[in-house]
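Below you'll find only one chain, the form predicted on its own, shown as structure tokens.
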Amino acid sequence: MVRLEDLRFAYPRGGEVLRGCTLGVRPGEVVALAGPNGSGKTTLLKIAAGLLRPTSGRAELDGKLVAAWDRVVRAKRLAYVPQKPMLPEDWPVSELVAMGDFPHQEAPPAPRPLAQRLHEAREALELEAIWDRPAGTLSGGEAQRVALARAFVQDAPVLMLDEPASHLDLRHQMALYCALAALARRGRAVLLSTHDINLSRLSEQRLLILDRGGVLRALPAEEEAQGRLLEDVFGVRFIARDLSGVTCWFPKVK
């Protein structure tokens, strides 16, 4: 459903950020992008969501340039949550989450009732305790969960999430990744950025590494090659540990 082909992007005063990135995200899978600060993860997600145009290359949604889709039609097919979502402070959580139905106000309506989608999002993101509170009273993690719930209500086949777990505590990180896995099992395609490579691996997400040169690299199958790649990209030494049959990587403390 999502295809990025040989993407390159340069900011007018910031130089080239992405250099020939290619990836595909199929229905039923969660793909995680990891990399150092400034490596271009947010830029890549914005291009994939149609919010930026690449300097060269193609970003496609269902075989059509993502930027060529009508905005409302695109919003029915693709939900995007930025790294720092903005919420009107005086709006209650319930109304903010319901805004995910906005694209479906134009015909055709959403395939599933809004009440069902609201219930599922409220349960998945554990919003019961804050459902009637105004956004201005929320913590950073609570606000993040509200923005994610709004995207869930959008019920789009594709979700693009920029560091969705960054403000969440461990419990809610796990709850989110379990919810994304459940959506993938129902045929959704999920593309997200992350700084927690181990949580992505333990959650059986397909992990890709965006290096400092703006080049997208697949994580090798061999443990030794994985370690070399991670050390090269992040500039620190790592120690491998087996957790439930998955090789996880931890920075080596001097």
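Keep in mind that what you see is a predicted model, and the values were worked out from it rather than measured. Start at 1 with the first residue shown and count on from there.
Below, we turn to the form predicted in complex with a small molecule, even though it does not appear here.
The candidate stretches are 66-74, 30-38, 223-231, 183-191, and the one lying within 4.5 Å of the small molecule in the predicted bound form by heavy atoms is 30-38. Although the partner is absent here, V17 sits close enough that one of its heavy atoms falls within 4.5 Å of the small molecule in the predicted bound form. Proximity of Q205 to the small molecule in the predicted bound form: non-hydrogen atoms within 4.5 Å are absent; the residue sits far from the partner.
T43 belongs to the set of residues with a heavy atom inside 4.5 Å of the small molecule in the predicted bound form.
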